[in-house]
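A single chain, nothing else alongside it, follows as structure tokens in the form predicted on its own.
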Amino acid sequence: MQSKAYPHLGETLYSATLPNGLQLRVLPKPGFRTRYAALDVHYGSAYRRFTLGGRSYDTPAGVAHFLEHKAFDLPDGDNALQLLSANGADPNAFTSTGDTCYFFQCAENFEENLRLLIHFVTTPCFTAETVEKERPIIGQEIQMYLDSPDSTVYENLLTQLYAHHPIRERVLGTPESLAEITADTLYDCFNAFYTPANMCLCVAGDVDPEEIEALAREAFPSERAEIPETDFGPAEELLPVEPLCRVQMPVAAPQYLIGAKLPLPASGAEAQRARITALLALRTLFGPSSAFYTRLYSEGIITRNYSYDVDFSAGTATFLLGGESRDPERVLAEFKRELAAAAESGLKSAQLERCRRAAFGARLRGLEDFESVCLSVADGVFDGYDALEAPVLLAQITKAECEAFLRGIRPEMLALSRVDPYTNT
């Protein structure tokens, strides 16, 4: 394995690409009792249309998530989730628009649990009977998200912003798309995407990198398969499809999200720098120590239920800011006003540097969170950058870069999604 030291972090990352294409990353953490493993498959809900071996596939919404549910089934009838739990592990999985990740942490039996993780993720077992049994379970999950204000305000915003890209569709799909998924659908997508060449295994803890590599070489399938070519549809305009969406749900106060599509940077280090720049700029102008937040919070316009992010996923870049407010339109107006002022006068250097130091501290603390660091490393592998170089880039980001990012969010690009309480009529 190759090793790379990060003196500014006090860490060393070990890396290897196995003959089957698997990307392996190991971050030794001597002295820590807990060990963590994440097996990330570069396949998420937005990967609906793809081409493999000269054949084109157009799959229903929600297949990636359905496949995540069924991956835990083993051919002998056992359930890997239950086996891992019985063996002292704390396992779970998630599906996003761009990835499906299976992970666990444990203090004992790590190698045995890691073999089981690799085995069940690479061993498909789908039948018509088990698919039918799972369908109502996922249907209940879909209904739960339909009843969730947080999910509704987010999903509505994506449909406002994106006209064609499958990111606008729910990760879980819909009751209608759920009915179209069969065992054959799951096998088609498993065979296309669940290949070692489309996976990244990240391990953190008190482990020997060479032993992890030997285990991975033994446990994974040896063949290297072709990776599908994904079609996300026609290019998107930067303007939203709908600038405003309002729905009513049983909430105590309005919830809102302000968002915009952003130009997609190139992959690799350029994309990493763009994300770090965006987050630093947003933290400086709209973070919890900003004049914007302090003013609106003191006036009771916004609450501590407040966040911002830039999401680079599945060929998209999306800005998000929101939370809870008694007057979302006022937040949007103040947001536009703050952007205009920054475009005219620039950012305050002192505030930028305070936010840079705070962001650096947060990244250092994140190294103690094995889940966070493993998922960040896997994202970097798939997007072509080194996640552990983020603190170095953070120190290099200039004030001019942050100001250029903020100028790129033009008022006409913004959309507002809100969920309001029911009114008495």
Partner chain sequence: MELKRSEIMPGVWLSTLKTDKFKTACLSLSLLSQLRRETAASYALIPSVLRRGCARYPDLDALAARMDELYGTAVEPVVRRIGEIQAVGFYASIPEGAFLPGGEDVLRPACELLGQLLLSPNTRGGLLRPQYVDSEKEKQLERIRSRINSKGSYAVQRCIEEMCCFEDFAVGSLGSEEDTESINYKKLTKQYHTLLQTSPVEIFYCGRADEKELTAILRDALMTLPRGEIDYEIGTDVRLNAIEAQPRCFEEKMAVTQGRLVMGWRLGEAMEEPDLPALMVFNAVFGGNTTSKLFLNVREKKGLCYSVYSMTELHKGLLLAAAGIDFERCEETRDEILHQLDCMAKGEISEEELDAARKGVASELRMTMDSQGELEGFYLAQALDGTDCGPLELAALAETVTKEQLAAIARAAECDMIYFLRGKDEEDEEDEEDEEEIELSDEELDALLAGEEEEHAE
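Residue numbers count along the first chain shown, from 1. In this text the structure is predicted, and so the values were computed from the model without any measurement.
Below: the form predicted in complex with its partner chain, not depicted.
Heavy atoms of residue 18 never reach within 4.5 Å of its partner chain in the predicted complex, leaving it off the interface.
When contacts are judged by a 4.5 Å heavy atom cut-off, residue 33 counts as touching its partner chain in the predicted complex.
Within this chain, residue 297 lines the site of its partner chain in the predicted complex, having a heavy atom no more than 4.5 Å away. Its partner chain is not drawn, but in the predicted complex it has a heavy atom within 4.5 Å of residue 367. Proximity to its partner chain in the predicted complex, defined as a heavy atom within 4.5 Å, holds among 247, 128, 137, 214 only for 137. Contact annotation: of the candidates 307, 143, 222, 345, the single residue with a non-hydrogen atom within 4.5 angstroms of its partner chain in the predicted complex is 143.
Residues placing heavy atoms within 4.5 Å of its partner chain in the predicted complex fall in a single listed stretch, namely 82 to 90, out of 314 to 322, 183 to 191, 82 to 90, 157 to 165.
Taken together, the three residues 49, 233 and 331 lack any non-hydrogen atom within 4.5 angstroms of its partner chain in the predicted complex. Contacts between stretch 145 to 159 and its partner chain, counted in the predicted complex as any heavy atom lying within 4.5 Å, involve 146, 147, 149, listed in sequence order.
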